[in-house]
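So this first bit is one chain, no partners, the form predicted alone, shown in structure tokens.
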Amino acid sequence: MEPRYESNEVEPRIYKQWEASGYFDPDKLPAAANPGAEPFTVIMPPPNANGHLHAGHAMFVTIEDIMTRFARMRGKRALWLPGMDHAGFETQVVYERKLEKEGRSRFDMTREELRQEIWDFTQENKVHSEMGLRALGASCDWSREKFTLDPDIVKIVYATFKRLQDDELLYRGKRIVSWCPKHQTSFSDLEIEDVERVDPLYYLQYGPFVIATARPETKFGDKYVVMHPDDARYAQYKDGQKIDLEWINGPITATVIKDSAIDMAFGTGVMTITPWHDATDFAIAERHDLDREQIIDERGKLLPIAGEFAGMKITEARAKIIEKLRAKGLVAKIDENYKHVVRTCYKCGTLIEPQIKDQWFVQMKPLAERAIKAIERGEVAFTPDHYKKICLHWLENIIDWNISRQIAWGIPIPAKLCDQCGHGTVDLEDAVKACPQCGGAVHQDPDTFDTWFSSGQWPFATLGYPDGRDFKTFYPTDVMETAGEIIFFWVTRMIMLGLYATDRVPFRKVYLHGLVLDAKGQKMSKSKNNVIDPLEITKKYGTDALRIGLVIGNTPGTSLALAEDRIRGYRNFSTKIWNIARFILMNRPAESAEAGALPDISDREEIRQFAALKAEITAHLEAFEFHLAAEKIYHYIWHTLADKVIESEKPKLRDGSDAEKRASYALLEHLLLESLKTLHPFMPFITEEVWQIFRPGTMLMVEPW
């Protein structure tokens, strides 16, 4: 053995050996010859193909690789299926920033040109990310790798879309959506970031009423005044009553509406509604069949209904509108310190402007009901357990899902839209030439699917649903491991769509890890200049040091502050392992390589103690308590094997008889090799390297646990 362990030399060499062995493929494992071998499946949460790997990727790679290597060593047909996500909107935003730096804009390109450029961009990033996953030790089956834009994946996504229509769970209609004026697309509610702000709250005189609003710019078309039917303050006003009053641009006639959605404690308990630009107002208008009128366009500017303010951005128009109302004597008072939550685009921070638009929606309640029953029956378990309640609460209060996105990059929606009546028809075969409702001319829907619609089908789509051999063998999968922050975006949707398409849950276990934070406990971001590149860390300290540093002390679902000093400390552990192995090897008796040359030491107390420890570690791994399992083997190697057992055997190795030397060596070699087996899922590179020095011609990754 070399005097020092050189991780940068060892790791790429060992990984090439693993790949060449074919053992990442469950069909080539020794277990594949056993008809009764139990399958074990993890589907990789596909990293976005729009950038390089970050510390969060290192976290999921480590945890999922631990699961897979543990299962593989226990004789299971272990499949860890890798993939990459085209990441629709996320990728388009990244590419738009690239275009801005180059002095270009996506609005100066055709959709086809933009799609081709982004395709080339993602393919470059995809290759880089795959190299990064290898560098992190991911023992996934590259022969089965999938991309969310692969034709077979798209075909399955389209089939689900068509089935939803056939089952009357899909509809297209004018409904209110969350619209980003900058990115010119709608979002689902999960892609909205709620931000607390302090703004003025304006109390405006609306005929005999005083209404409170933080958005006077939306009020030009308000002609309905709404109050709770049980509000005694307004008992004299009747539902449907007409009231003439002076408003922003002149006299109007308002109609009284009584609706129980009104919060009697907010403001004065009475409000006007803007159905086009507020979800609550839209719901009221739906219930009472009220008119809707657009006030603000898709770019955040006021329309002609605003009169002299038409064409202004709402931010610049607000103060001028208030001045006009004040001149008319219609400003009752202003509360300058109104704390409220505003909805913003999670990418650019632009205020979301609700708009009524024709979009494709999925009725979610029927899908959610099946998911709720499956979770309550225990068909899907959660680690940490409290995520079960969080998941159920969201499913019980689910709303319909807008799956349309007004972007070029993504899976095109296979549908035709009528030029005359706007009716949408699912058209997988490009066969619809006229509107089935009115006979009018049709055109291709220009929108793409929400990324989560395709990735929500990832577990069964990647395995070749419905007839693929892998689907029949490896579905349902065993574990879905991912970040807790996307439980609503992704996990619940996979459960719903998996049950809908296959009648089975897509996975039996959900393991949710927390965020990887910087050394100060802050969320990593490029703007803070605190992003940790895991590959830079591995070059300095070795992949094994990073991996075990991400696991020890990291309880499921909690965030981990990752300091470089922490990883440096675990590099010392790699050095310790190397030195232990080197010391033992230096004391190997010359005849030990011969069969039966070493004495039987199975009755030694140290052997029994390690067997008991390994049973505990096995139980921790089975319970997904990776932090406890890693900590126990770490402490055993450093503080028991090195500090106690080796030290107690040194006198015999130095001064003992040949029989005593052989017995001491046999004990130390046995404990070292068993320790390497137990540590392998956590620190695969150094354990494999040392194992092969002691057992040439064999491979630790498939040694029996």
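Keep in mind it's a predicted model, so treat the numbers as computed, not measured. Rigid core: the largest C-alpha set superposing within 1.5 Å between the two forms. Residue indices: 1-based, along the sequence shown.
One more form of this protein exists, namely the form predicted in complex with the RNA; it is left out here, but the text below deals with it.
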- Task: Please check if Leu628 has a heavy atom lying within 4.5 Å of any heavy atom of the RNA in the predicted complex.
- Result: yes
- Give a yes/no on whether Phe488 approaches the RNA to within 4.5 Å in the predicted complex, heavy atoms considered. yes
- Report yes if any heavy atom of Arg318 sits within 4.5 Å of a heavy atom of the RNA in the predicted complex; otherwise report no. no
- Message: Please tell me whether any heavy atom belonging to Asp194 falls inside 4.5 Å of a heavy atom of the RNA, as the geometry stands in the predicted complex.
- Response: yes
- Would you mind picking out the stretch of 140 to 148, 369 to 377, 605 to 613, 264 to 272 that comes within 4.5 angstroms of the RNA in the predicted complex, counting non-hydrogen atoms? 264 to 272
- Note on the structure: Checking Asp166, Glu336, Asp565, Asp108 against the RNA in the predicted complex, the residue with a non-hydrogen atom inside 4.5 angstroms turns out to be Asp565
- Out of Ser188, Thr280, Thr502, Thr482, which one falls within 4.5 Å of the RNA in the predicted complex, going by heavy atoms? Thr280
- May I ask you to list the residues of 619 to 654 that have any heavy atom within 4.5 angstroms of the RNA in the predicted complex, in sequence order? His627, Leu628, Glu631, Tyr634, Trp638, His639, Ala642, Asp643, Ile646, Glu647, Lys650
- Message: On a rigid core superposition, would Met227 pass a 2 Å threshold for CA movement between this form and the one not shown?
- Response: yes
- Item | Core superposition between this form and the one not shown, C-alpha change of Val210 at least 2 Å | yes
